[in-house]
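First comes one chain, alone, set out as structure tokens in the form predicted alone.
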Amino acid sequence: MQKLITVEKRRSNTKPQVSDGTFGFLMSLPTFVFMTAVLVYPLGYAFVKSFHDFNLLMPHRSGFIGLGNYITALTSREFRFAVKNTVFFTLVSVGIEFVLGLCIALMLARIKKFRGLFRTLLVTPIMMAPIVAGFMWRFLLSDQFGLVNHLLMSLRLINQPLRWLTSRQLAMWSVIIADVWKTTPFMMLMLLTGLLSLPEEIMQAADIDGASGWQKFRYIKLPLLKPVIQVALLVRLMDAFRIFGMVFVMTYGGPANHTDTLSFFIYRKGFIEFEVGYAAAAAFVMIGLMALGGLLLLYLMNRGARDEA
């Protein structure tokens, strides 16, 4: 009788056990639902509409046209011009940012005193929103009362104000200058972190062997920094390829669409001309181009690493 009572107590005190997998699923379920609501569903809806002739002004006339929007985008001179502008902006701006960021990181790595202060001051532009930075550079580069033209004329480098934002030759370079100013600190911070994590023993051994500064950089620092460089370039290329805020504020795609990047092109088609289906198709083409660019970069870097090995 006593044994039966003990067994019943044990059964009554036993709580249902939840496996680790079930517990993890339950904990991640709210996040999954939220991401589905704000990311997966809109993407799926946009993907469906990319196969329709859907205009916000006439939604009742929406009709399925298959790959029509994609064919129109790929054969459109306007779209190809936006792709050309985007590729040019991405390669030039990221290239300049990498070189400047690497030079600044190498200089800061040699500084022991006040390194934290210099690093904090240099990363200040990253904290500024792209829209705010765009407005700031729009005033700085103004051809009427901009500080840049005033300084250049004071130094007698130019005779008359340059039309930085309204000239076909200078508008894209103006956006590049603003972007380089804002995002070079990101590249510098990534590379400086990699430099400071390099083993001191290798550097000391190189000093003992009489290696010069260039030799240490070329044969020791640069190969060891390759993983950091790969991540930094991949992140910046993906980010620069979808540039929008600077263009929107500084040039609004002008003059004559000479700063019309893919993101701004999609914005213009979807929210100004209300061609939602066409804009959605262009957006997915842009995503495909970004994916191909990232895979190409990874392939080239991995191929270089295999050749050196």
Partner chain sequence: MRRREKWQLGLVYLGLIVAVIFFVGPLVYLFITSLKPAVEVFDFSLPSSPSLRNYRAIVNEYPVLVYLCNSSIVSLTTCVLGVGLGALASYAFTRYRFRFSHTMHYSALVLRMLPGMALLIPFYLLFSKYGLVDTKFGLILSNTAFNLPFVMWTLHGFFREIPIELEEAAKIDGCSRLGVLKHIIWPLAIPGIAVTTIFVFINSWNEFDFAVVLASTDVAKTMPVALAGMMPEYGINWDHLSAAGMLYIVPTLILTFIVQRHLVQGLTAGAVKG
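Numbering follows the first chain given and starts at 1. From a predicted model like this one, the values you see are computed outputs, not experimental measurements.
Keep in mind that the form predicted together with its partner chain is not shown, yet the notes after this line are about it.
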| Is every one of T31, P42 and R119 in contact with its partner chain in the predicted bound form, taking contact as a heavy atom within 4.5 Å? | yes
| query | Here the chain is shown alone; which of I71, A205, L147, L222 has a heavy atom within 4.5 Å of its partner chain in the predicted bound form? | reply | L147
| request: Would you kindly say which of V92, A211, V123, I158 lies with a heavy atom within 4.5 Å of its partner chain in the predicted bound form? | output: V123
| query | Looking at the partner-bound form in the predicted bound form, is I65 within 4.5 Å of its partner chain by any heavy atom? | reply | no
| Can any non-hydrogen atom of Y299 be found within 4.5 angstroms of its partner chain in the predicted bound form? | no
| field | Contact label in the predicted bound form: W137 to its partner chain, heavy atom within 4.5 Å | value | yes
| said: Although the partner isn't part of this model, could you tell me whether M290 comes within 4.5 Å of its partner chain in the predicted bound form, counting any heavy atom of the residue? | reply: yes
| request: Would you mind checking 217-235 for residues with a heavy atom within 4.5 Å of its partner chain in the predicted bound form? | output: V231, V235
